Each structure stands twice: as structure tokens, then as C-alpha cells.
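Before any questions on how it binds or moves, here is one chain, the form predicted on its own, in C-alpha cells.
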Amino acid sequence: MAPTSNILRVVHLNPSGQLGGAETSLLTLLTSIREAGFEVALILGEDGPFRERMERLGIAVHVLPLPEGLARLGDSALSGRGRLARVAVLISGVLWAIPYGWKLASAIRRLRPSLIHTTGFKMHILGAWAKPASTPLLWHLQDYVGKRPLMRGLLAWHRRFCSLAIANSRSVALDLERQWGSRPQVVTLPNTVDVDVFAPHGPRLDLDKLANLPPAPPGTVRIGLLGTFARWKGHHVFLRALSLLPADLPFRAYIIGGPIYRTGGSQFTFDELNAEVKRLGLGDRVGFTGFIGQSADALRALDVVVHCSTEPEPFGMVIIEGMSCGKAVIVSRAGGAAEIIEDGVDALCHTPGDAEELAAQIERLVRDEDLRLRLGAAGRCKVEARYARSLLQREIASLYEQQCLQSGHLTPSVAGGAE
């Protein structure tokens, strides 16, 4: 049974209960949608701090744990396996997915959505299986389909169930269009940030204490890499760049975050990164804080925020978060991340994977406080103009209403009433 025409209920499906970049952007999205007048519910594939954060905001959360065999299924889990092993893994994944799809369909029916919005490749596919026939399905793509052979094939087969695809950057949208052509329609909707939360003024964490390091001497410039331990995030490049800096340069660096994924082979372990720190002789200059729930408080404690993904970044939430906090940011010049900034105006850039160039940019900022302040101020202005949450609210509400009108879940007489 469809919802009544004057109530728009949006059900979001997300595989992870952790707080990675995708969940940070989803948090902003769900907050915006609720404030726009939509009823919002969230189904998660695992429990974790993301559920707690959403419930504190008053959003209904339902945890439907993904079976371990299904949670670990992905392109990285198949990498390096022989053909028979890959087939066995795929068959196992399908056997886990079928009963989970039934449970998911039952949970969705109870929520009686006007529209279903999915994030994460697995939930795109499972959402296509589980959605009611007349309910629009929106896929929110925050990664490149073209570089994921398994998911590319599965998404191509299921895309006929998708009403609209949302890409978080033009780079991701172009990748989707190369794979699929014009069906489904792809729109670009950049991620946004709450500029009141990610602001230059506010609480600052004691990063030295969190990393079990003695207090840094006065005048120390604090440099941070904040993110998950995904291998393509460039932690090894960051550490190599730090090792190339002059011994007398007054800096201390922090690796903020930890491993969150369940897909095998996709991330560094703490032991691997710690061993690299010791190998490079950086033990007294680099600290590990572990996962931090309030990333804005960590960013405010830094002077320089480093983004150094070795592969094209679909977007790069930490870039706009750092800029919004008024910090000087160094960005890996590729993919959607390169679309956000203007080199030398509101951030500095380096070539992905080039530790020498990254080291030069870090040294430049450590030595030039005026440059740090100028870039930080310009970055804050850009985020307020282009990446503020209020802009997302208007865009996403319009997309939802269009889809609900086309499907009959919203009548023209009440269109616009959710704004």
C-alpha cells in the first residue's frame, strides 16, 4: 500500500554503521531532509557509532545486520584469487544475499516509503531486490563504478530498477555515464557540510594526549591526515613525505582515524602503519589518535590538513571539512577532489602518490604562517558559498518531490509542501 499523498516518507539504506566519509555526508543529507519536512528512516547493515549519532538527531534507525559472507563480498575480496575461487565466493555471496533480501524487503514494507535512497554498492543492489514495485529507488554513487569490475557488472544488471542516480562529483557522474549511457539519468549533487559544526571557532582536542605523546613545544605546526585506513587514502605517501622534511622543521603529525571496512584486503592495519613510522624514524614526530567521533574538534586542533589519496578521490569530505574549519588544506590533484579547490587560492595541490611534491607543500606551509591563514580564510568562504548544508536541502528536496510526483506518491496539489 502506498503512503498517503501528503506524507513523504524516505527510507535510506546504508551498509555501514561506522563513521567514514560516506556516513559523514549521509549524516548531513538526512539532517537536511528531515528539516525540509520529510519523514526519514534509516536501515543500516551493521550497528556502530553512526546509529548512535543518527538517533541523537531524532532519526529512526533500524539495524539489519549483513551476514559476514555478504559484508565481506567486494572487488578487493576477489583480487588475486583464481577463477574457481572467485566463482565460489560469488556463489556464497548470492546464497547469503537472497535471505537477507527477503528480510530487507519485509523491513521496507513495514516502513511504507514514498521513496528509497541507497548508499553503498551492496545496498544499491539489495535495494533493487527489496523495493516495492511502485516505489522510486535513488542510487547515491560516491565511488567510481568503472574501477570495480564485480560491482560494475552487478549494478549494470540492476540499473533498470533505479529511477535516478546521484553522483557526488562531476568526475563520478562522467564515470557513470561512460558505463551506462543515459539510463538511468545521472545528476551531480556535491557533498556538503554543516558550516556551524565545522567552524573555525569551537572545541579543540588535545591530539598529543590522544596519541600518547608528550606536549609539543611552542611554535610546533600540527599536520594531520584524517580518514579511514583504506589503502588508497595514501597513509604511506604521507609518512614518506614527512620523512623527507628537514630535521629542524618545527612540526608534529597526526594520523587520525582507523580501519572501518569489513571487505578483506581493502585497508591498512594499525600495526602496518606503526611499523612504517618506526622504519622511517618518525616515532617522536607522528602520533596515532585512533577513531575520533567529533572530527571538527580534531580539525580545529590542526594547522594543516593533508589529503593525499593515491587514486582519484570521488569527492573528499575531509577537504571541505578542513576548509570549513578555516585550515590550510593540501589536496591530491585528481578526480572529484580536484573540482573542489583552486590551487594557490584556497588550497595547495600535489600529484597523487608524489611524496617529494607533498613534502615540499608541507614545508611551504609550515614555514609560512601568513599563507596558512590566507588559504584557510579563502577555503572557509568557498565552503560557505558552494558546500553549505542549506544548499543541499533545496536540491535534494526538489529531486525527491520530482520522483514522488512521477511515481504517484505525491499529488501535484501538495507538491512543495515538504519544503
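Quantities reported herein were computed from a predicted structural model and do not represent experimental measurements. Start at 1 with the first residue shown and count on from there.
Absent from the display: the form predicted together with a small molecule. The rest refers to it.
Partner contacts here mean any heavy atom within 4.5 Å of the small molecule in the model of the complex, and among 246-254, 138-146, 219-227, 123-131 they occur only in 138-146. W232 is the sole member of W157, W102, W232, F270 with a non-hydrogen atom within 4.5 Å of the small molecule in the model of the complex. Out of the listed residues P314, P113, G326, G287, P314 is the one that sits within 4.5 Å of the small molecule in the model of the complex by at least one heavy atom. Within 4.5 Å of any heavy atom of the small molecule in the model of the complex lies no heavy atom of V10.
P15 falls outside the set of residues with a heavy atom inside 4.5 Å of the small molecule in the model of the complex. In the model of the complex, A22 approaches the small molecule with a heavy atom inside 4.5 Å. N168 belongs to the set of residues with a heavy atom inside 4.5 Å of the small molecule in the model of the complex.
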